[in-house]
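Only one chain is given next, in structure tokens, and it is the form predicted alone.
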């Protein structure tokens, strides 16, 4: 059996505060294969984004992360020295953060930020070559007027354009694994489809593994190969995307029932009734 690109076993993230320990991620186990699109869904605060950041080892004090296994392409990420981990970030594992308004530097043009990323990854790269690569990266994410966007500041861009710039910055170095945190949030349906088409092209053309974090169950079910449902830091259910409607866990069923449907009579939306046992730490 082929070894997965990413293998996680019993990943935990705790934050030690003055009022006690906050367990943000509790015992997550998950594999992602090459060329596989895995959706991570759940409510806000369920641990989706924190899981993504933990994979990149971006948890800082007072946060503490542990795992029985956190391996990428056979590399033990938990044992990897920080300089080697920095070399992996961006180059082989990249993360598209949720909101480009807060992820891009507002006082630097898009072009300068792209050039900085390329020259940090390859210090021998000339400024001219980095500029060419930056323009090519913008064109690759279907930005028609790449020169204009290259010279623009992030504040002058629409949400969809800013999201494309973030994707260009993260995928231009050809990562093997991309963690996309709500890459289509706050975008209209047309732009959503364009962003998804870009990600789909990258997965198909490069064999890139994709962790797709989202609140939108319908979107994830139509785009991903497999889905993991998170609640209170746990993965409570995992299934093939085309079998989501047959999910059995009460939490997943509750999320599905809460999705409004335009072809059924209007009425009160079902209320998700939570069972305290779902949040219990199994350890």
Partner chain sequence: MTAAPVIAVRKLTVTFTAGRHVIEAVREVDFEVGDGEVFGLVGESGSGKSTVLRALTGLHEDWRGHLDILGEAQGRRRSKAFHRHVQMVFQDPYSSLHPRHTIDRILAEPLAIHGIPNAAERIEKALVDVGLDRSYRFRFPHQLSGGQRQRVAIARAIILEPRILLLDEPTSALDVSVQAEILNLLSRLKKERGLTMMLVSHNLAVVAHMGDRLAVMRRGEIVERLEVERLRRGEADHPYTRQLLIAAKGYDRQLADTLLE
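Predicted model only: the values in this text are computed from it and were never measured. Numbering follows the first chain given and starts at 1.
The same protein has a further form, the form predicted in complex with the partner chain, not shown here; the description that follows concerns it.
J.: Only one of 236, 30, 59, 255 has a non-hydrogen atom within 4.5 angstroms of the partner chain in the model of the complex; which is it?
T.: Residue within 4.5 Å of the partner: 255.
J.: Answer with one of 176, 73, 99, 201: the residue that has a non-hydrogen atom within 4.5 Å of the partner chain in the model of the complex.
T.: Flagged contact: 201.
J.: Every residue in 194, 223 and 263 with a non-hydrogen atom within 4.5 Å of the partner chain in the model of the complex?
T.: Yes, the whole candidate spot contacts the partner chain.
J.: Hey, of 138-146, 168-176, 84-92, 109-117, which bit sits against the partner chain in the model of the complex at 4.5 Å between non-hydrogen atoms?
T.: Among the listed stretches, the partner-contacting one is 138-146.
J.: Residue 268: heavy atom within 4.5 Å of the partner chain in the model of the complex?
T.: Yes.
J.: Since only the chain is shown here, I'm wondering whether residue 274 would be in contact with the partner chain in the model of the complex (any heavy atom pair within 4.5 Å).
T.: Result yes; residue 274 sits at the interface with the partner chain in the model of the complex.
J.: Taking heavy atoms and a 4.5 Å cut-off, does residue 36 contact the partner chain in the model of the complex?
T.: Judged by the heavy-atom cut-off of 4.5 Å, residue 36 is well away from the partner chain in the model of the complex.
J.: Residue-level question: is residue 122 within 4.5 Å of the partner chain in the model of the complex, judged on heavy atoms?
T.: No, residue 122 is distant from the partner.
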